[in-house]
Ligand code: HEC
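Below, in structure tokens: the form predicted alone, a single chain.
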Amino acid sequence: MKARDKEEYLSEYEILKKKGKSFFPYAIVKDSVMFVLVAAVLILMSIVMGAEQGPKADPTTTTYVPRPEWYFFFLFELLKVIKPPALVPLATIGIPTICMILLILLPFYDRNPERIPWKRPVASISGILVIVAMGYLTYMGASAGSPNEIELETAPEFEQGKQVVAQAGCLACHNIGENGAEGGLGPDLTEIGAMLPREAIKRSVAIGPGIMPSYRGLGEKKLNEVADYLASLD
């Protein structure tokens, strides 16, 4: 800060102090009024629009795949970007915490007294980058394919098997087309029919090789439908 700018700032600050516009209660009152207005708007919206009510929770279901609220989509998408399991703590705790600390410390390493955005490049660029990054990740998380649906086109005779695969939790570890866990614990199944014969696919689904659970409990009919559908993916 230049000596002249500092003198002007201190002079203006002294004038405001003499006028009695101190932080308390002058700034506190303004913040309190805004807080009350925001709270009133939220209460009014909740009364008029109501809260979204989904179906009653079924603790016995194996087809439900949890999804975060919209304001956590950016963190949900960050977990998809940082794929290695060993780096999950970095994505969930490390990066958000570091960014939060940097924003909190912004007034300490950017001491520029200017309030015009283009005269405060450090603060302006930091704020813009945070907003853009969170907005982009939120959009990507919101527009991601459904975790229990498969959007890949298939022949009508394989629709039943496709539905079983989508709702049995397979997409939590595998990827099929644009849906599922890309880079997850299990291999990509988009072209599994070109790599394994039908009987080998059925045997793998029934037995559950490695860490994969057995799906023998689906029954013979559904196992055949799953095998037929996966064998068609080539």
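For every residue, the number given is its place in the sequence shown, counted from 1. All of these numbers come straight from a predicted model, not from anything done at the bench.
The discussion below concerns the form predicted in complex with heme C (HEC), not included here.
The three residues Ile192, Val205 and Gly210 all sit with a heavy atom within 4.5 Å of heme C (HEC) in the predicted bound form. Within 4.5 Å of any heavy atom of heme C (HEC) in the predicted bound form lies no heavy atom of Gly177. Residue contact with heme C (HEC) in the predicted bound form: Gly186 places a heavy atom within 4.5 Å of it. Heme C (HEC) in the predicted bound form is approached by Cys173, whose closest heavy atom lies within 4.5 angstroms of it. Among residues of the shown chain, Leu196 is one whose heavy atoms approach heme C (HEC) to within 4.5 Å in the predicted bound form.
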